[in-house]
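In structure tokens, the next block holds one chain alone, the form predicted alone.
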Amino acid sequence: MSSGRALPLNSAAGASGQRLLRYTLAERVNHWIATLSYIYLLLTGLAFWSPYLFWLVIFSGGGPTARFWHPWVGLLFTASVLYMYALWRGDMLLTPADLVWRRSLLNYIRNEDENLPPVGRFNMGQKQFFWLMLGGGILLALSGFGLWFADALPWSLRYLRYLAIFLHVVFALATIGGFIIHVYMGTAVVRGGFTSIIRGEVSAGWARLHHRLWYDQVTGGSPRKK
């Protein structure tokens, strides 16, 4: 979904109790497929990475079950982030407003949203997380193929297996860091962010406060003062 397409409104703009559709059903379903598949990959991947964490396989049916399903769930996660790119590629492009918003990042971290400059549907932090998970997901898939079919490599190319292991660990740790920050910001810092990806809707006040340019776009006018 491009940034130029206005999402439908559930009531007249500016009306009391107005609800705005922030995420379509397709976006919400795909988001949760990506989230749940990533959590599965996180638990099983950490179990394979360190003997001290192998106990995590109890959440995935045991070692053999986890080893079988890990690459297949990895394909599901890759497909979901690619579909997310198809849905949000226009919304995730950096804009001049994002660069202005970045200079006020400390206000965002301190949860002082009233001091932040207006941004569109997604702020710069959300956009950076999106590109991290998209790029990281693709590179995890490519390095994962190298591990999945490592036995098919000739002995002269055995170094590719070690390269695949290194890249898989590096990009796994990078996406884990981004995932933790994303969950923390969406649940503990920005209230209403988590419920919006479940229900799909946000209040007009929430939209004005956190994404004023997007509010302006979907209501067809300048944001109103609170």
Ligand code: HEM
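For every residue, the number given is its place in the sequence shown, counted from 1. Being a predicted model, the structure only gives us computed values, none of them experimental.
If you look for the form predicted together with this ligand, you will not find it shown, but the lines that follow are about it.
- A heavy atom within 4.5 Å of this ligand in the predicted bound form is found for one listed residue only; from L75, L93, V100, A86, this is L75.
- With this ligand left out of view, the stretch that reaches within 4.5 Å of it through heavy atoms in the predicted bound form is, among 180-188, 38-46, 25-33, 196-204, 38-46.
- Although the partner is absent from this view, R158 stays clear of this ligand in the predicted bound form, with no non-hydrogen atom inside 4.5 angstroms.
- Residue contact with this ligand in the predicted bound form: A172 places a heavy atom within 4.5 Å of it.
- Looking at W148, you'd find a heavy atom of it within 4.5 angstroms of this ligand in the predicted bound form.
- This ligand is not drawn, but in the predicted bound form it has a heavy atom within 4.5 Å of P71.
- Proximity of R19, R121 and L213 to this ligand in the predicted bound form is absent: no residue of the three has a non-hydrogen atom within 4.5 angstroms.
- Applying a 4.5 Å heavy atom cutoff to this ligand in the predicted bound form picks out L140, A141 from 116-141, in order along the sequence.
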